[in-house]
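Same chain, two forms, each on its own as structure tokens: structure 1, then structure 2.
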Structure 1
Amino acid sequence: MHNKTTATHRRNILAGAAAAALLSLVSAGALAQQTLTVAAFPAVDEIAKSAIPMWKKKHPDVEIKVISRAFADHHTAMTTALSTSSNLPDVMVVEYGYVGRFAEGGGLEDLGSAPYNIKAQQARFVPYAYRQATTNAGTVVAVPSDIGPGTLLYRTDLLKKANVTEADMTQSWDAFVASGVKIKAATGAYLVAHARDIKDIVIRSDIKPGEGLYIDNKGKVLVDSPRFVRAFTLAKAVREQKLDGKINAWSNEWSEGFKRGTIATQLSGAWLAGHLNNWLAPDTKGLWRAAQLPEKAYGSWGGSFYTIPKGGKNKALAFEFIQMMTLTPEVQLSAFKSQDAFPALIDVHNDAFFDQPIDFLGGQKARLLWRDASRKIAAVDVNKLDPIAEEIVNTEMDKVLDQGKDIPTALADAKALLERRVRR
């Protein structure tokens, strides 16, 4: 009897020990295997990777896996993931142009309410960037990370040769075009790469609250409004006076135009200065300057946002990661220094780095200029039909520029085409 009891007891102890060992192994394995997946596109992926050491200090047991895809591929993959609710990352980086589309579907977490409550941090972000991530219904679907304040980059040597000053160019859009005539006559250089560039910024100027870019929040199509008439008129004037090179951005002609000094100005996001310096035209160092856009037309060119898909698994950790990326001054500053990702976080806007001269821009303290612009850019409501609206407007713009179609007819046609889509 005794022997039997002892044997049973021993067996129980062994079984308990084995179970405990197994449990500890399983839990240790589970902890060791916890991985937070972050899906991003180039530049943002590098920023996320470089923040991993900081993350590991807090969470040595949670790996960060950055899934990097080309810009368009990333957004296509995210669309597919959201549509099927499969292969969703924990953290999804979204570019500004896609925020509206993704927000509309309701597949992203509302970060404005509990447990996230990002609304409490609203004042820490550049106002327009925060507004861009907020839907008409007030849902905050994303947290801004970097922004692209608009700027006018110009070749100081060409302007000097044409006896044109920065003030001459920027007082109004008409003055900008008139300066282009002088520059072309004196240097042979084009004022802008493509007349469409002017249209793109003018349609983004003077947008009233509640008014979207192409469609307002009541579904009214705005593409024949005075904004568009003026934008098309200016672009047509540029083309008629042969002030644009009909050069598309990121084409061979575009980079060669910068290298050879055949493009005098470029309206763009502040990040272009970094691209020019790093790979587009490094030999033109010192020849470029930055200015505010003509007629104080403060505008935005892109920006990145962090989101959490509703189907994501590790939401608490995901939000912690997002907070680290968007609300940690060191991370934001480091991204600005290494990748020219202009911070959406106002906390770092008074850092000494903003006061430093930029060699590529001839020692100009251009970051202060861009910081000023970032505070003045108006938020534009996004609409899921913006991509098709952009396509419609660009197609009509081509007809005006290349086929001599008259502007009122082109805009009326654009309106009819877009209204057809809105009615669906």
Structure 2
Amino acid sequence: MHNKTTATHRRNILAGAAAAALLSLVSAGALAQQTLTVAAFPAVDEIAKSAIPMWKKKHPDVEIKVISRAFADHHTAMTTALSTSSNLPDVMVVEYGYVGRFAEGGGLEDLGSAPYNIKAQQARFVPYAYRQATTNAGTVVAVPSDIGPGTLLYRTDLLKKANVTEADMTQSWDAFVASGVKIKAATGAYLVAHARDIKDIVIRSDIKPGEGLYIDNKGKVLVDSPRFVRAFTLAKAVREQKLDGKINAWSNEWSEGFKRGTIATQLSGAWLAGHLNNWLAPDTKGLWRAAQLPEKAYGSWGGSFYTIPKGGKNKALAFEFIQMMTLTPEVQLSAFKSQDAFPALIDVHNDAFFDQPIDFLGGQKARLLWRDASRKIAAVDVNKLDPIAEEIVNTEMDKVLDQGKDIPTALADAKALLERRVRR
């Protein structure tokens, strides 16, 4: 009891000091401008807009302007803004894959240091998400908002017709591919939209601490490691057995495949269940279920982070807004309920909402499944070259799938090219 009281008192002192420091920034002129700009992509933009009434209760004199762009356009615009130090928003939302690139560019505030001191709140976030926001040097460049625990979504009607069970598919990755052969023979449906999908999730699964996705914390390129060999081999097996439709994600053909039942499964982040329900294939309600990934693999797929550009003008207000979006249970739960943004804030992970059945998934309590996954996903180091590495690896993956390039040569070529970028 004594220790708890002392700790609470200490936290209050630290919080008071941080507030005083932030207030000094405000008094220095940050409040002179009464509009706070927030740049975001769908559906984080909607989440930010929905929080404006809460913000206005505390700051009736400060408007929130949400600048919304499509996902790719947003990150292109933010890349340009950071590199030119022009047209910078006060708050910048960044998807997981871009955190490393933006952080290493040196254009983001260190939110772990004074006056922000977000490190004091570290224990409140899903550990792997907080780690994703931290550079190898220990700089905390972002605050996690939502996460994407990897999951397997599958059509029950197609599996039943093929006499395939969830257990058949998930016991191993090889069993998953073998199940696809049965599903294709019995229903004509593809196992996955694109063979690349299985590569994407396997390279993100069961990554060891200190081991980045493509490059480890010592700068070693990992794209020829057994993890990538396995991922490429499985993807090639899918293509050779004609188990994928060569359909790219977010295309019209992709959504039509879900609507018409020509795609039996999708490996993705948990957030995809919400997209299927809300706009991709709402008429398939009740036909889908969620499962953990095959072979008891656990991996992260996406996630949103709030950052402050160093060139931003209203940093104190920006951080206050970020705290409201990431540390307020009410806001985090509201985003989960309205946009299926799985909370990065652990405080809300025992809320009754997690126990509720999901109608689109036939009444399955899938949020508990995804919460369990979130607790088992290892933290992955981010690297500024992650987006470039992804492009390089995907190019070689396509050469394997479409041109018959052998896997060892493809991965060796990817490694050589990426190592040249690392040495620059």
Partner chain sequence: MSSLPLDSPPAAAPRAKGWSLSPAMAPYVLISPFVILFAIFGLFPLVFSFYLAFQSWEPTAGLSTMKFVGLENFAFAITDEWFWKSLRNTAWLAFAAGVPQHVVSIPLAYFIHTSFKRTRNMAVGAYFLPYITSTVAISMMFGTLFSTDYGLINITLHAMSEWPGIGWMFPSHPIDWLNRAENVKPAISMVVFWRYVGFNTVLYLAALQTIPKDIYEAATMDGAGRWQQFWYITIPSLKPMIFFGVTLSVVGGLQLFEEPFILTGGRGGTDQAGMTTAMYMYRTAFEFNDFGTASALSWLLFVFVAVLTWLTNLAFKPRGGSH
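Here the rigid core means the biggest group of C-alpha atoms that line up within 1.5 Å when the two forms are laid on top of each other. For clarity, every value in this text was computed on a predicted model and none was experimentally measured. Counting starts at 1 and follows the sequence of structure 1.
- Note on provenance: structure 1 matches the form predicted together with the partner chain.
- In the core-superposed comparison between the two structures, residue 78 has its Cα shifted by at least 2 Å.
- Remark: with the core as the superposition reference, the CA shift of residue 229 between the two structures stays below 2 Å.
- The Cα position of residue 64 differs by 2 Å or more between the two structures after fitting on the rigid core.
- Comparing between the two structures on a rigid core frame, one finds that residue 316 has its C-alpha moved by 2.5 Å.
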